[in-house]
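One chain follows as structure tokens, the form predicted alone.
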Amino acid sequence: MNPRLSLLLIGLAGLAVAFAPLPVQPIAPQERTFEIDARQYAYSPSELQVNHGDTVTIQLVSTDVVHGLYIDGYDISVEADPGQTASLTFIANKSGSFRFRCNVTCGAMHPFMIGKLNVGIDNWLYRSIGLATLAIFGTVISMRQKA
């Protein structure tokens, strides 16, 4: 086979792996509630996993000073006073990873009080595996054509 044609086919297959929709079964939206403790520049838990379309309720519990929680990409926030619980409910209608952070200056280490909201499955893991497989396949074909 012509080496240029082989590279073209592998390149086209790579584009298909990188950008074609994955055959994933849709998951019915659910209601999810998380209780997040905010204290001393940390959230617990610091990472949340939800599915696209879920109705998410976050109950923010502040145990020391006033803390806030702002979710980047969703532009929503909530503040909790010491010893109090504040709730925030939204629909996770944007897929991807979003950082959440304290939006109330709570002390010297305030900028490091962050967490992560993951919405949907990690498509890039599967796409990376497919692209790595194609790279190996392309290398083998290239070596066989030179021999």
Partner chain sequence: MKRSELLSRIIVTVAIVGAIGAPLYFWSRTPLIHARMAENGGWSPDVIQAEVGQPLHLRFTSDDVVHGFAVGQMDMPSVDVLPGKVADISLTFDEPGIYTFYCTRWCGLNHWRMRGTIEVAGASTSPKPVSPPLYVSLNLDIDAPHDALFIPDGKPSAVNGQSLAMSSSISLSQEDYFTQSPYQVFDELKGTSLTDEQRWDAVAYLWQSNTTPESLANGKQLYAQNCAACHGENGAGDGVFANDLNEAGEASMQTMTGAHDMVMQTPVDFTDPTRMLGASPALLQGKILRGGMGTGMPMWGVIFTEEQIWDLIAYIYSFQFEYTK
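Source: prediction; values computed, not measured. Numbering follows the first chain given and starts at 1.
Same protein, other form: the form predicted together with its partner chain, not shown, and the subject of what follows.
Contact check for Val66: a heavy atom falls within 4.5 Å of its partner chain in the predicted bound form.
Taking the partner from the other structure, its partner chain in the predicted bound form has a heavy atom within 4.5 Å of a heavy atom of Asp81. Remark: Gly96 does not count among the residues lining its partner chain in the predicted bound form, judged by a heavy atom distance of 4.5 Å or less. When contacts are judged by a 4.5 Å heavy atom cut-off, Thr89 does not count as touching its partner chain in the predicted bound form. Across the proposed site, Gln30, Val56 and Asn118 without exception lack any heavy atom within 4.5 Å of its partner chain in the predicted bound form. Shown without its partner, the chain has Val104, Thr105, Cys106, Gly107 in segment 91 to 109 as residues with a non-hydrogen atom within 4.5 angstroms of its partner chain in the predicted bound form.
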